[in-house]
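Take a look at this single chain in structure tokens; it is the form predicted on its own.
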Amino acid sequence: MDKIIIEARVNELAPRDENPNVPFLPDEIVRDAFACYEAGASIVHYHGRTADGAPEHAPSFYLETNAGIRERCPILVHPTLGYVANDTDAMGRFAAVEEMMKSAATAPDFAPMDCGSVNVDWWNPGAGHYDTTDLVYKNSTATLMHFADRIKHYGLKQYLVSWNVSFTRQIEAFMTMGVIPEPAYICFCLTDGIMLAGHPGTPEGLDAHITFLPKDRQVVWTVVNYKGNLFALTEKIIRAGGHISIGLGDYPYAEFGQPTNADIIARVAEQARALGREPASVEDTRAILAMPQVKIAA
């Protein structure tokens, strides 16, 4: 079977109340990126955070973090554009990447495109109501086309996120238009627990995503379960030829005590090997995704 790409999603907007090993600051993220690389990950995804865990959008955070990762290991870097916490225009949301691209020491390898808009309010299962009521993750078609243009300009790989079937249909339309080159790299964002915005983290939720993949296009797909335990699906994903994006940013994995991100990656790598798929190296990942050559800003 083909090798499996394992991405470490180290922090997102996760708190430390259930697992203190969620990294916030640049040196913590750099440490985790290196440990995850050694455990079998070829991609690291992270969000800028302050010392108390609040979102941090300053380009300086990403410059410091990327440079630190580059010094430690060759893992591929996938930063955020800020998710719903960075609710500004397309240029503002991409500004940190523009700064990152001024030096090879700070340039990432991916830039994300969540290909649609969705309500992302926090559901409170115990109380039976929403704790928030006005959080909308807005990604207009014009905004996405701006991202696609800038990503192509710099030779980065588009990291396409699909929260539900409508996102995948938008991706297919963009592929028809030539906005998204092949092979497209699509992350199916399943959601559980306090997040109801995506397909549920069940076999049926994943199958619904897979069913609507473009049939006549080259697509590589990976799976995340935001606020849910992805290990309920990892065997299915591995056997189906998919890839895995996982980490404490999405779920604390208290079932395993208080694991580190590297512990989670090692568990995925062990399971993949047992099922006949070796974790992809950085070089393997570049080849699988046909990643272009990154171009530093003049």
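Because the structure is a prediction, the values reported are computed rather than measured. Residue numbers run from 1 along the displayed sequence.
Below: the form predicted in complex with another copy of the chain, not depicted.
Which is the contacting stretch out of 77 to 85, 148 to 156, 90 to 98, 111 to 119, given heavy atoms within 4.5 Å of another copy of the chain in the model of the complex? Selected range: 111 to 119.
Pick from Ala107, Val161, Met195, Val220: which has a non-hydrogen atom within 4.5 Å of another copy of the chain in the model of the complex? Filtering the options by heavy-atom distance leaves Met195.
How about Glu204 - does it come within 4.5 Å of another copy of the chain in the model of the complex, if we only consider non-hydrogen atoms? Yes, contact at 4.5 Å.
Using a 4.5 Å heavy atom cut-off, state whether His199 contacts another copy of the chain in the model of the complex. Result yes; His199 sits at the interface with another copy of the chain in the model of the complex.
Indicate whether Ser103 is a 4.5 Å heavy atom neighbour of another copy of the chain in the model of the complex. Ser103: no contact with another copy of the chain in the model of the complex.
Another copy of the chain contact at Ala173 in the model of the complex, heavy atom, 4.5 Å: Output for Ala173 is yes: heavy atoms within 4.5 Å of another copy of the chain.
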